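Quick heads-up: it's one chain on its own, the form predicted alone, in structure tokens.
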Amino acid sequence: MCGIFGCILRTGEAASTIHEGLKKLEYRGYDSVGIATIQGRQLFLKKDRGKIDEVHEIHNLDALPGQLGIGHTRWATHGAAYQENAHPHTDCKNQVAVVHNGIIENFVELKAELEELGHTFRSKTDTEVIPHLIEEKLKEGLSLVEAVRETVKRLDGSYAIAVISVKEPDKLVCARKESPLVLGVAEDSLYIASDIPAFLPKTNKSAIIQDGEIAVLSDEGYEIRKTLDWKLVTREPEVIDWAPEMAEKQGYPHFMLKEIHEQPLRLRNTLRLQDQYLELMTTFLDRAGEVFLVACGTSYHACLAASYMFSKVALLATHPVVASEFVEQHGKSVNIDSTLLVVSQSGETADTLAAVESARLRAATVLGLTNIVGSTLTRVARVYISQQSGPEIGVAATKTFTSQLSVLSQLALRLAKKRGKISHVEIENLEEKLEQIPEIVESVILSQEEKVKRLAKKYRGKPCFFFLGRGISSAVALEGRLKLMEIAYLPSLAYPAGESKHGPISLVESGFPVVFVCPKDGTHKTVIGNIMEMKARGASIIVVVEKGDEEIKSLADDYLEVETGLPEVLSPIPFVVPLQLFAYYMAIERECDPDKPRNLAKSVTVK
């Protein structure tokens, strides 16, 4: 997740203040850094790939003159981590500098339009279209504020931007849509940042810039207006009483909980993937003689769910395989007709890369889905897609899992359309429901969190849990089980519900907690039978169900609810969220640190 910091000072140099502010945002994760300042009518800029301290040692980030400036820590989504892709980005004449968080969906069209007008681009980023669009508007005689306003009207996607220009060297203009942006107010200075911790050492007075607003900072103070109708917004700063550590987590006690709550935003970003990459990957999948879905841990569970998606909607049989077993299980059978869709949050997982190397040596096609642009997986894959979930600080994967599911479901739908395996009406319904997923997930979090807290208190003393589901929900059961084991250290078993009577049911006795994942799909009636089997042996039944499913709720001791009417193939995304929350609050009840589970690492780079 990129970090923005900017300031206007009455005394002192902006560069060192921006440098300090960016250091406060390091926890967000980044791969490059840059700062731009203005003095007089000249723009000064330094940027490079690497950590802040590394870049500062080479370039001396503090040695930029001026009392106004902007800075950025970048997490690559378009274009790898190279110096030219680092922010800030400038226009052709180096008179406008822009930093940006978010995703510009229509940047390809905008870039082509600007190149026709004679603009030269230096980077591979989506951001660079913004300074060039502003440059065009300034040529028309608009003020900087007007130019920014007209520019953001043309942007599709999400953005938080901060803009400075030598044309008006006393102003810093910001705009927001969906990506966070906060204003810090002190007696002799103004600050703009992605997160409050960046300016908290300077001031504890903050005002939130809301979606669809533009803020103008100057020596005279700040002004906020609505982008569309230019209506003035009156918003006084509020006093922030968070400790610095709490501020890094935006008021949440742990990064894991913050990241669970971030999922609606991250899912919206996954729906803004570039068509050409989805289409190219879909073409490779369509041509494949056989398809393997290869991953580890949580990513493997996403692949398992995806195997149902591809089978159900695209009628494509795929083989989900745990990466550490791939070489032994399939290594010698892979050939030029084989395609591997490899899923890895880090793109550096050792077992996953070993599987990739083995397959490449046998001429197989490798496709990649990862969260880290520039990772090894992105370098060796024929085509890769960035899952757009931003850095994940908590060790237990939450938002990366749901983001992976969103991307994989888009690939399944696109492949179904290409192959003509389901009707246009079905496709349109699935696409419409997929667009609603971020709001559904948001609703689940808001409506179920307090209920989950109560369940965690009720079941915190239980020594073992079962997680059961049928069909695609068996992948959700596995992921729910994994989360509970990872961060609450509770022994747990997960099975396809139909397998539960082939051994696991022998463990069930009075009060034994069994969690069922129960969307209202084709497995619904059969799951009721499995619930009855467990109930007859005295199990405590916890169910995750669709709202209004009174039949299953009547059989349960406790229930958590998800919005109704979801297609089966999309159900894992919202249905996993209550289980993520359950694992988190069980960890809290058991006095475990959910951000740093013992013996685990975020990226497993050893075999």
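In case it trips you up, residue 1 is the first one in the sequence shown, and so on. Please read all numbers here as calculations on a predicted model, not as lab measurements.
Beyond what is shown, the protein has a form predicted together with a small molecule; the following relates to that form.
The partner is not drawn, yet in the predicted complex one stretch among 220 to 228, 298 to 306, 411 to 419, 431 to 439 has residues with heavy atoms inside 4.5 Å of the small molecule: 298 to 306.
Checking 101, 263, 270, 345 for any heavy atom within 4.5 Å of the small molecule in the predicted complex turns up a single hit: 345. Contact with the small molecule in the predicted complex, defined as a heavy atom within 4.5 Å, holds for exactly one of 396, 355, 161, 164, namely 396. Looking at residue 482, you'd find a heavy atom of it within 4.5 angstroms of the small molecule in the predicted complex. Not displayed here, the small molecule is approached by residue 349 to within 4.5 Å at the level of heavy atoms in the predicted complex. Within this chain, residue 195 is remote from the site of the small molecule in the predicted complex, having no heavy atom within 4.5 Å. Although the partner is absent here, residue 126 lies well away from the small molecule in the predicted complex, with no heavy atom inside 4.5 Å.
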